[in-house]
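As structure tokens, one chain now follows by itself in the form predicted alone.
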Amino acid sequence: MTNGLILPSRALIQSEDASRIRHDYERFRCGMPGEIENYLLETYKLDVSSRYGARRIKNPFGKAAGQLSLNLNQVQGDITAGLGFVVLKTVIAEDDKGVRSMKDWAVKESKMVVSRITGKESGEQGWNVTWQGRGWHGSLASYIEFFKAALELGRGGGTVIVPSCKYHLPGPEERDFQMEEYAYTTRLLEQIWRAAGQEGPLQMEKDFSPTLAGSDKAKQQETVLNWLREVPRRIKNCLPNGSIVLGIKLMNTIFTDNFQIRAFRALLEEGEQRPDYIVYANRLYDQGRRFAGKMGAAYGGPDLSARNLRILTELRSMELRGQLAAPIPALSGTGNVHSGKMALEYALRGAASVQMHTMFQKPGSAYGMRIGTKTERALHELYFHPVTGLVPWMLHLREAKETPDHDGVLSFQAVTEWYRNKGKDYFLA
């Protein structure tokens, strides 16, 4: 354990395994084999299938909602590359007359700026993407057409596709939530899901970006807590019981760690309905950072993952001690997932999947693969990097007997159970 991480600085694996990983990393620089999951199972006895919310996914790697998932070419490229899931760009809810209370969030992106960043806590170097864009800038009708076509692509390619939505969040001066927008948008998304022949109920994410900062409302703690208590119930009540699997994308607030845990507990313990899964937690906010002529900008990098892992560790400790009213629901981790090793840090705290954005934005020279799309290059790095890849670190966990295997096969899902089994003492220390 170093710098709040569970995994040591170096993977301890058999020399023949290390040699094979280096060989695969080099030979796959010009392209990885199709159905990489089968290759990992046959060659390394690793099962990387997992779950994202209610859906089974072929691998734990997904693309987070954003400007990299707003058109069909991007979605098709991610499917071809082999991502486990894609969360589409966040649409802004509207009513049947086209009115959007959160229309200020429907802003087309400016150019993204990718740069190196140094963690304030660890001094570690990382990558950061800065931009001023917000949600889907088009109409709900245009998003629905995009959603419909993306579902068809995903079904053909074995990649799970889900929508993301931002609903009205009232400030202290407003009397209530705009439920006409909630109902119309949610029902329309569910109709498209069902018409596309998707398995099971509609699965979707609710984006809580205003808790990040970007709005004066985020400065008012009780307002944020009220949103977290109320929103899951209001979304779920738009559809018949059992018709939706709701993921809440819980953002980092601008407040302390104590308030972050308070917010998490408000979401899980104080509302009439809980989310079915939680996405935790992307972006930090620096009110003193200047970007595009404005003060205040979101950022990521090492400080982001450090905070996320610290909060998740504390929450798991509380859960194991019986200090939460109910177990934490399924988790999808996000925030500075720059390597397979970092993906496993989230998994060791119970995250069954990880979502990324910056990992697909780095300059070409930052990847080991010399050709291919950014998604293909990212997956090559995530799986096979000899020092930080998923393969060496899953093999490390097997060698250390930290996770059980079945008939010689170690599954990613077994890693997500570590916190309540072999790793329980770590969280109760």
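Model, not experiment: these values are computed from the prediction. Note that residue numbering begins at 1 and tracks the sequence as displayed.
Omitted here: the form predicted together with a small molecule. The next part is about that form.
The stretch among 376-384, 393-401, 65-73, 42-50 whose residues place heavy atoms within 4.5 Å of the small molecule in the model of the complex is 65-73. Only one of His137, His357, Arg234, Lys341 lies close to the small molecule in the model of the complex, with a heavy atom inside 4.5 Å, and it is His357. This chain is displayed alone, yet in the model of the complex one of Ala149, Leu324, Val99, Met112 has a heavy atom within 4.5 Å of the small molecule; that residue is Met112. Although the partner is absent here, Asn336 lies within 4.5 Å of the small molecule in the model of the complex, judged by heavy atoms. Interface membership of Val129, defined by any non-hydrogen atom within 4.5 Å of the small molecule in the model of the complex, is confirmed. The small molecule is not shown here, and in the model of the complex it never comes within 4.5 Å of any heavy atom of Arg349. The small molecule in the model of the complex is approached by Lys249, whose closest heavy atom lies within 4.5 angstroms of it.
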